[in-house]
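Here's a solo chain for you in C-alpha cells, the form predicted alone.
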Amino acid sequence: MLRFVAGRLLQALITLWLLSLAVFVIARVSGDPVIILMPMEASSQELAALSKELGLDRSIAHQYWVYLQNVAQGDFGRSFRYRRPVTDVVGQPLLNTLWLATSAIIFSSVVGVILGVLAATNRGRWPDRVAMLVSLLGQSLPAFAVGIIFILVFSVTLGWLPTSGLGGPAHYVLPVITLGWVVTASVTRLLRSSMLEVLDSEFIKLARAKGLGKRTVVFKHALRNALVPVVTIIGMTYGVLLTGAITTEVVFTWPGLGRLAYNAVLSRDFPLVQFCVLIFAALIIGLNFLVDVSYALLDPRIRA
C-alpha cells in the first residue's frame, strides 16, 4: 500500500512540475507585461529599467531556474500588478472560490438527488420529463450564457436578486445555481439510471412482496444502493467546479480565484497567473490522489 501511495504521489509531483514549466513558458511568449504596466509616454530607458527590475531581461531558461530556486524556498514571486507576494494576493479570493464551489456542490447534490429519485419513480410521466429537461438544459447550455440569462431575468427584469459582487446570502443564489447546474444535470441522469437498475433487482421485488411501503422501498433500500456511483462522481466533480468557476466569477464579478486569474492573464501578471494555475492544478490533483487512495483501500486489486 505504501508503494502504491508513493507512486501516486510521485506522479502528482511530476504533473505539477510539467504544468509549471508549460505555464511559465506560455505566459512569457504571450507578450511583454512592461508595456501594460508603464504609461504610454514612457521612454525606452524606463521600459528597460522596469524589465530589469522584474527580471524579464534574462532568458526564459534563466528565469525559470531562478523561479524554481525561489519556489524551493517557499517564494512564489511578487505580483507585477499588486506589487505584493502572490501568496498574499490569492488568500481571500481562494476562500471565496472554495465557498462558491462548496455551496454549488451541495446545491447540485441535493437537487440532483431529488430530481433523480422523482424521475426514476415516475418513469415516463411528467416528473420524469421535467427532470430530463432540466438535465438536458444543464448539460447543453454554457455557464456564461446561463449566468447572463439569470441576471437579465431575476436581477434586471424582476429585481429579486443582486447582479454581482459578494455580500449577503442573496449574492450566492445566482452564482451557485449557475455553477452547480451542470453537476445537477449529471447527478440527475446518473441517479435515474442507477435507481431504475436497482428498482428492477430481485431484492427490491422481495421487499415489495414482503409488504413494505413504497417510501421505505425507495429511500431505505433502493436509494442507498443507487447512491454509490453518484457519490463517486460528486467527489470527482468538485475539482471541476473549482476550475469551472472562472466563467461564473467573471459574469457575476465574484471576487474569487478564477476572476483573479482572468484579470492576471489580461494584465500579463506572470507570477500571479502561474500561482493561480498551480493552485487549481494542486486542488484537482489532490482530489484525484485521494480518490485513487480510497479506491486502493476499498479494493486491494487496484494496488497491483
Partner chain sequence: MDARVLPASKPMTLMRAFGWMKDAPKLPLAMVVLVLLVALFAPVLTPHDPNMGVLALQQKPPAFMEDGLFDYALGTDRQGRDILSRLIMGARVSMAVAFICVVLSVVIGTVMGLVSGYAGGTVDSVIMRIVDGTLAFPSLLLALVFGVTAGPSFWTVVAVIGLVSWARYARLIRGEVLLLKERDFVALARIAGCSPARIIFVHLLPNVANTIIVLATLQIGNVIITESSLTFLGVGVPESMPTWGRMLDDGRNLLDSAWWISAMPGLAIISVVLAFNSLGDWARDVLDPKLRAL
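No experiment lies behind these values; they were computed from the predicted model shown. Positions refer to the first chain, counted from 1.
FYI, the form predicted in complex with the partner chain isn't displayed, but the following is about it.
Practice task
Look up in the predicted bound form whether Leu141 has a non-hydrogen atom within 4.5 angstroms of the partner chain, and give yes or no.
Solution key: Yes, Leu141 is a contact residue.
Problem - Close approach of Leu190 to the partner chain in the predicted bound form, 4.5 Å, heavy atom - result: It does: once the partner chain is placed as it appears in the predicted bound form, Leu190 has a heavy atom within 4.5 Å of it.
Handout entry: Any non-hydrogen atom of Val265 within 4.5 angstroms of the partner chain in the predicted bound form
Key = Yes, Val265 is a contact residue.
Exercise for the section: Look up in the predicted bound form whether Leu136 has a non-hydrogen atom within 4.5 angstroms of the partner chain, and give yes or no. Expected result: Residue-level check for Leu136: yes, a contact with the partner chain.
Exercise for the section: Report whether all of Ala101, Ile106 and Val231 sit within 4.5 Å of the partner chain in the predicted bound form, measuring from non-hydrogen atoms. Expected result: No, the whole trio is out of contact, none within 4.5 Å by any heavy atom.
Practice task
Select from the listed residues Val110, Leu95, Leu158, Ile148 the one whose heavy atoms reach within 4.5 Å of the partner chain in the predicted bound form.
Solution key: Contact residue from the list: Ile148.
Problem - Listed residue (Ile26, Ile60, Ala48, Leu68) with a non-hydrogen atom within 4.5 angstroms of the partner chain in the predicted bound form - result: That would be Ile26.
Handout entry: in the predicted bound form, residues of 234-257 near the partner chain [heavy atom within 4.5 Å]
Key = Going through 234-257 in order - heavy atoms within 4.5 Å of the partner chain in the predicted bound form - the hits are Thr243, Ile246, Thr247, Val250, Val251.
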